[in-house]
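Single chain ahead, written as C-alpha cells, the form predicted alone.
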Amino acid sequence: MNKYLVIGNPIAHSLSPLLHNYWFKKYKFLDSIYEKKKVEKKDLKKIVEQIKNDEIKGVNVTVPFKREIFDLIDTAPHEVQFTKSVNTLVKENDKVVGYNTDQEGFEISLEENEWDFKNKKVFIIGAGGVTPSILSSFIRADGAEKIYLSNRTRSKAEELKKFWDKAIDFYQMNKDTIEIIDWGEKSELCDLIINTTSVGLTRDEKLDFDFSDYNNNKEALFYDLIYNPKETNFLKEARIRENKTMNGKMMFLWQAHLAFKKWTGVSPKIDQEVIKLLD
C-alpha cells in the first residue's frame, strides 16, 4: 500500500484525506491511501527519513511546519530555496525534494475570481510558513503597489521584510513596497486583506483588528486562507460590512491538484463534484 500523509499541528480540520482519497479512487490508484497525522517538530526528521526509505510516498506539510521542514530535505527548486517554505514532499532520484504548490494555488484562486493584484494595496496578516509564498505573488515588477504586513510577534514580520528587501532590486520593486505595522493597528485602506494565520480554525476565535473603516466598501476583498470552517469570523464580519469575501477552498484545491500531479503524474480534474465534496 502506497501511503501519503498531511502533517501539521493542529491537523483535525484538514480535508486533504477526503480530497486525495477521492482522487485516488477516481483515477484507479487503488493501492494508495492518504491520512492525516498530528506531529511535533521533533517528528519531522523521521517523516523525511520514511520518505527516503519508501515507507511514505508523499507528504503535504501544513501549519506550523512549512519553514521548519526546509532544513531537513535534500533539495528544492530555486524558488523554494528562496522562500524556504515547503508544503509538498516527494522522493526523486533517491532524494527528498521539497516543493511549494501554495503560491500557484493562491494565484489561480485569484485569477478564477477575476481579481488582478497589479498596482493594488495589500494587507497581509501573519508572517508564518505560508506568508513567504503569498508575498512571492506580489513582489515583482507588475505586482502590488504597496504591501502592509503585520504579525503578533513583530520581529518575525521584520525578519520577513528584511529577507525580501534583499530581493527588491531583482524584482524591480521600490524599497518601501513592504511596510510593517504593529499587531492590531490600522493600515491605510487596502484593496485586498489576507488572513494567513490559523486564527479562525476554532469558531470563536477573532483577529484583534478594527476594520470598521471598510463599512459598505463593496470593492475590498477579504481573503481568509482557512477553508474549514467555511466562514471564519474574519469573513463573517467582512460580509456584514458588505465587503467581498473569499475563503481558502479554491487555493486548497489547486495546491492539492498540483501536489497530486507531482506524486502520480495525473492532473486531477477540479469540477463541481470536487468542490461540493468539501462543502
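The first residue of the shown sequence is 1; numbering continues from there. Note that the coordinates shown come from a computational prediction; the quantities given were computed from them, not determined experimentally.
Form predicted together with a small molecule: not shown, discussed below.
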query: Answer option from 91, 84, 152, 161, heavy atom within 4.5 Å of the small molecule in the predicted complex; finding: 152
query: Partner-contacting position among 180, 201, 189, 167 - heavy atom within 4.5 Å of the small molecule in the predicted complex; finding: 201
query: Partner proximity in the predicted complex: residue 13 to the small molecule, non-hydrogen atom cutoff 4.5 Å; finding: yes
query: is_contact(residue 251, the small molecule) in the predicted complex, heavy atom dist at most 4.5 Å; finding: yes
query: Interface membership of residue 143, the small molecule in the predicted complex, 4.5 Å heavy atom rule; finding: no
query: Interface membership of residue 64, the small molecule in the predicted complex, 4.5 Å heavy atom rule; finding: yes
query: Full three-residue contact with the small molecule in the predicted complex, heavy atom 4.5 Å, for 127, 130 and 156; finding: yes
query: Interface stretch in the predicted complex with the small molecule - options 224 to 232, 211 to 219, 46 to 54, 238 to 246, non-hydrogen atom within 4.5 Å; finding: 224 to 232
